[in-house]
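As structure tokens, one chain now follows by itself in the form predicted alone.
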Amino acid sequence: MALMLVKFDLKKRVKLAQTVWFMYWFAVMAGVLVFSMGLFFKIELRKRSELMDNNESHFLPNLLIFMGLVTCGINAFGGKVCYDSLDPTKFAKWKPMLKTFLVFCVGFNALLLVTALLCFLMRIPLQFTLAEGLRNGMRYYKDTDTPGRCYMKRTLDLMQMEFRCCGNDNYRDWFEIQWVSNRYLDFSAKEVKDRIGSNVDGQYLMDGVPFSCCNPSSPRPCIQYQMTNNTAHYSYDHYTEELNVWKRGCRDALLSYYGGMMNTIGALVVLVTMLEVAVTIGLQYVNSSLSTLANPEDPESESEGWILEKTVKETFTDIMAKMKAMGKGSKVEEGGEAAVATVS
């Protein structure tokens, strides 16, 4: 018994072919959308490539670009087949390869679903990538004269202003590293000597943050130095007063931005997958309805269409039987080759 058997006459077959043809070309535009999303995501990652310079972060956008291109190609071919199905003579040339094409479409749909799942799951490794990248970026902030790191200050400053964030987890992360270059420090000054000598690493640490951490919406002029020294500023208490620097850490801000982007892309890829499944089922109905014409010489004769020629259980049993037969055949061939080698 065929799965989801439907009877067709000429009018229904023509309507089916036209509907599936339209859906295929709509799916081509969906492929362009997937390609565009992957390209946009890749461009966004490249803006902060210094903070996420690894292969894992670029795997997903590259996969989206590839899947978008393949989606366009598959659906363009499927649309051509549906268009030619209106003419039995033109459809005859596609008929021998349709079964293989449909199997490929099923596998591709599964890969699309995996791609959508990756979009939702990539938030986890992205969190660790951002944490490590931001720590390294802050450490290299002062190295404006070092090749390969000279743009890190600019990258971090632009990022903190764009995302309204400060530090990795919060603004206090800047207190734990030296972010002022030695070339701008007067080592003969007592204050500099005291700060360098106050820690075992010999770094110039201070309770201050870069200017890009300042919140321009604050009515008070930005306090970015001696932030924990209440006596250094008039009417100021860093324990109770609302600070005029961004409180949000950049890791959380970037994760929210890229995580939201990936969730949106993942949802769209799921919708594209559903569309791909629909057009694959539609093409299967077109193929089976044209293959079962009561009178192949009479296009107006009735026919039957289905998703599977047998039930799911019977189809699965047949596939397993074929796989076992192929396995036995390969063992027989290996045994025969071994016997010939022994005789010789």
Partner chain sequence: MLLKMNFTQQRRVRLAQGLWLMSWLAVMCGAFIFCLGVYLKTELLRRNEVMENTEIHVVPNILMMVGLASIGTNWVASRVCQDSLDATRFPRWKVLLLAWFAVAALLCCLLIAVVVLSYALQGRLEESLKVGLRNGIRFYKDTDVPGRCFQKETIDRLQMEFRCCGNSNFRDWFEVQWVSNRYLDFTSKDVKDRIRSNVDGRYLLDAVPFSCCNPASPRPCLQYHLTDNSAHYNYDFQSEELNLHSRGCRQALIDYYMGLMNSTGPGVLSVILIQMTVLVSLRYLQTAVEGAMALEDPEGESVGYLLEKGVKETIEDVKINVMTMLKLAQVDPAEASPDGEKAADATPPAS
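Positions refer to the first chain, counted from 1. For clarity, every value in this text was computed on a predicted model and none was experimentally measured.
Absent from the display: the form predicted together with the partner chain. The rest refers to it.
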Report task. Would you point out which of 206 to 214, 103 to 111, 166 to 174, 117 to 125 contains residues with a non-hydrogen atom within 4.5 Å of the partner chain in the model of the complex? Result -> 206 to 214
Query raised in the report: Pick from Gly260, Gly197, Pro221, Gly73: which residue has any heavy atom within 4.5 angstroms of the partner chain in the model of the complex?
Result: Pro221
Report task. Scan Leu158, Leu271, Met97, Ala92 and let me know which has any heavy atom within 4.5 Å of the partner chain in the model of the complex. Result -> Leu158
Query raised in the report: How about Leu255: is it within 4.5 Å of the partner chain in the model of the complex, going by heavy atoms?
Result: no
Query - Any non-hydrogen atom of Gln226 within 4.5 angstroms of the partner chain in the model of the complex - result: no
**Report entry** Lys193: touches the partner chain in the model of the complex, heavy atom cutoff 4.5 angstroms
**Finding:** no
Requested in this report: Verify the contact flag for Asp87: yes if a non-hydrogen atom of it lies within 4.5 Å of a non-hydrogen atom of the partner chain in the model of the complex, no if not.
Outcome: no
Query raised in the report: Considering only 253 to 284, what residues come within 4.5 Å of the partner chain in the model of the complex, judged by heavy atoms?
Result: none
